[in-house]
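Take a look at this one chain, the form predicted on its own, written out in C-alpha cells.
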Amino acid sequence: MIKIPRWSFITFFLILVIAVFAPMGLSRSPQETVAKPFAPPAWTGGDAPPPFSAVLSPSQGIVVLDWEWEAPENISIKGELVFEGYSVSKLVWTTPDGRTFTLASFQGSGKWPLDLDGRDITFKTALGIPPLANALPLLFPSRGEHRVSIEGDIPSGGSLNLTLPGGKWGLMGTDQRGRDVLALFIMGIRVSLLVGISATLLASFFGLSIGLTSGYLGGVVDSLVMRTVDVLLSIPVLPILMVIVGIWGKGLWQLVIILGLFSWMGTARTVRSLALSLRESCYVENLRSIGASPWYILYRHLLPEAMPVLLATISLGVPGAILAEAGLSFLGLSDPRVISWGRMLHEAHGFGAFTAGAWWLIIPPGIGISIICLVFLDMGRSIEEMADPRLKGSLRQ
C-alpha cells in the first residue's frame, strides 16, 4: 500500500515548483505598469473599463475603439515607424462626433520614433490645451467609436503600440504603481523561500558546530559558550536587526547573514544537550579508549545522531526567518529593488491601501506568509515524529 505524504510536503513541492517555473511564464516584467493604480481584480465586477491594447502597423494603419465607459486614466503610444525616401505623415485621433486631433506629425525619411503619454506636457500642448489640464476627456468626449490612424504616406516598416490602462485588472488587481499584484506575489515566493531557507541553514551550521563542540568538550568551553548564548538570547532581536540593517545596508544577502547570525542560539542549545547525553555513552567511551580523536567522534558518530534533531530544527526555524524578513521589509528595512511579501505589505501600508480598502494588496501576501509558515511547521512536526516515533501519539493529542 502506497503511503501518501503529509499535506505539508505536497504543498511545499507545489510552492517550490511555482517559485521556480512561474516567473518564467510571466509575459511582462513585474515592475511594468499594466493598469491604473489600485485597480481591483477583474472578477470583482463594477463599471470600470478593462485595459485595452492594439498595434498600428503599415498593414493595419487604423485602430477602432468601441469605447463604452468614461474617459480612461491615461493613453500611451510607443514604438517607431520607418519611411523610405522623403515622406509626410501624421498620427490622427478621431472622436465619435467627427472631431480630429493630430497627435504627432513627421516630415523626412528614415525612422520616426514615438513615445506619447497622455500625462506629458508636450502631448497636451500639441492638442492645444493648458499644461495642467486633462487631455483624456478631450480625446474621449462621449461613448462610441474612436479611431486612431496613420494618415499621409504609408510607412514601410515598424509599428506603434497603443495602450489604455483599465480600471480593473487580472486575478489580484494592481498596486499603487499600477503593477500586477499577481506577478509581484509570484516573485515574492522566491524571496521568502530564499531568505527563510538560507538564513536557517546558516544559523543551523553555526548552531550545530558550536553546540557539538561545546557539549562534547564541556568544562570552561561549555560554560563560556552557554553564557554567551544566554546573553544573546536576552537581547531583543528586532531592534538589533534594525540597527545593523540601517548601518550595514539593505541588501538581500546582508539580511540573510544578519538573520543567520542572530538565530543560531536555540539550535546550539538543543545540539549541546544531545552531545552532553551522548559523550558519556559506552560506545563514545570505547572510542576514546582506543585513541579516537575528538574530531573523528564528532564527525562520524555525534553528527549523525544530531541530524534528525537538526532537520526538525531547520523546518521549525524557516518560519521564524520568513516572519523576520517580512517584519523588516514591512518596516522599510529591506532592499526596495527586491520584491517580497513583506515589501508588498510595506508599500501597501505606506501608500494608503489599508485606508483605501485595497484588500487585494493586503490579503495575498498575508495569506502567503501564513501558508508557508504552516507548511514548514507541519514538516518540522513530521520530521520529529520520524526521529522519535513516541511523539506521534502525543502530537496527535
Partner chain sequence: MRSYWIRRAIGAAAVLLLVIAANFFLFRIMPGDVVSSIVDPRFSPEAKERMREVFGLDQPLLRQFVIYVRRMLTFDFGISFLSQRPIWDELRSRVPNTIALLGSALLISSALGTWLGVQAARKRGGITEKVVLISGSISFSFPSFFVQLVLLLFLAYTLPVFPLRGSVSIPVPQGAIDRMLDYIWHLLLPAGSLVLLGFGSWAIYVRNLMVKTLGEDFILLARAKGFSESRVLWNHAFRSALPPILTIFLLALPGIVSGAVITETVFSLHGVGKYLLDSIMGHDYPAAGAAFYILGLLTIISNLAADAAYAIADPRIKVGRRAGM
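All values derive from a computational prediction rather than experimental measurement. Numbering follows the first chain given and starts at 1.
Although not depicted, the form predicted in complex with its partner chain is the subject of the following passage.
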Contact assignment for its partner chain in the predicted complex, among 85, 304, 236, 128, heavy atom within 4.5 Å
236
Which one, 374, 10, 386, 20, lies within 4.5 Å of its partner chain in the predicted complex by heavy atoms?
374
Within 4.5 Å of its partner chain in the predicted complex, heavy atom basis, the matching stretch of 31-39, 51-59, 366-374, 64-72 is 366-374
Checking a candidate spot here: are 242, 354 and 362 all in contact with its partner chain in the predicted complex (at least one heavy atom each within 4.5 Å)?
yes
Contact flag, residue 345 vs its partner chain in the predicted complex, heavy atom cut 4.5 Å
yes
Non-hydrogen atom contact residue 79 with its partner chain in the predicted complex at 4.5 angstroms:
no
I'd like to know if residue 195 sits close to its partner chain in the predicted complex, meaning any non-hydrogen atom pair within 4.5 angstroms.
no
Flag residue 26 as yes or no: does it have a non-hydrogen atom within 4.5 angstroms of any non-hydrogen atom of its partner chain in the predicted complex?
no
Residues of stretch 317-331 in contact with its partner chain in the predicted complex (4.5 Å, non-hydrogen atom)
323, 326, 327, 330, 331
